[in-house]
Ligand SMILES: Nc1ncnc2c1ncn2[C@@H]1O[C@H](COP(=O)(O)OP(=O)(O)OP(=O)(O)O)[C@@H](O)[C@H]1O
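The data below hold one chain only, encoded as structure tokens and taken in the form predicted on its own.
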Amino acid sequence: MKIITNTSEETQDEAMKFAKTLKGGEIFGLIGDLGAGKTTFCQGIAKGLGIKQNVNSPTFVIMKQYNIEGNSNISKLIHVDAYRLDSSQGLDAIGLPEFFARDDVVILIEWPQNIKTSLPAKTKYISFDKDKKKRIISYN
């Protein structure tokens, strides 16, 4: 499926709709260049899951956890920026593998190609392409 958005607000709105379909236990790798809309999409998912905190890229801390209140299936959103990671050792150091089998979390990983061999087979990928001002979001 492909979705085209023209503004950051539209990207967040689409992500909020997408968040309503999540049941917990999902892992998504978000693939795209800098500025393609990955973090904006994460912000929309967070809003759609009811997270009130400001969600920004975890570039320097690598992983952020957000607690979700009032959702019977999903208790946490895990947001990872794997840009500076290059091995499973980095994943172990931040404690990400402990969340892979949990069915009460949703995991969003920016730059998953850097750690792809360490990700579970159930990981799904969403691609972000930027063409002038529009963004093309592709789910597989």
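Every value quoted in this text rests on a predicted model; they were computed, and no experiment measured them. Start at 1 with the first residue shown and count on from there.
Quick note: we don't show the form predicted in complex with the named molecule, though the next part is all about it.
Checking Ala36, Ile115, Ile107, Leu49 for any heavy atom within 4.5 Å of the named molecule in the predicted bound form turns up a single hit: Ala36. Though the partner is left out of this view, Ser138 does not reach within 4.5 Å of the named molecule in the predicted bound form, counting heavy atoms only.
Using a 4.5 angstroms limit between non-hydrogen atoms, Lys2 is distant from the named molecule in the predicted bound form. Using a 4.5 angstroms limit between non-hydrogen atoms, Phe28 is distant from the named molecule in the predicted bound form. Interface membership of Trp111, defined by any non-hydrogen atom within 4.5 Å of the named molecule in the predicted bound form, is confirmed.
Residues Thr5, Asn6, Thr7, Ser8, Thr11 of 4-21 are found to place at least one heavy atom within 4.5 Å of the named molecule in the predicted bound form.
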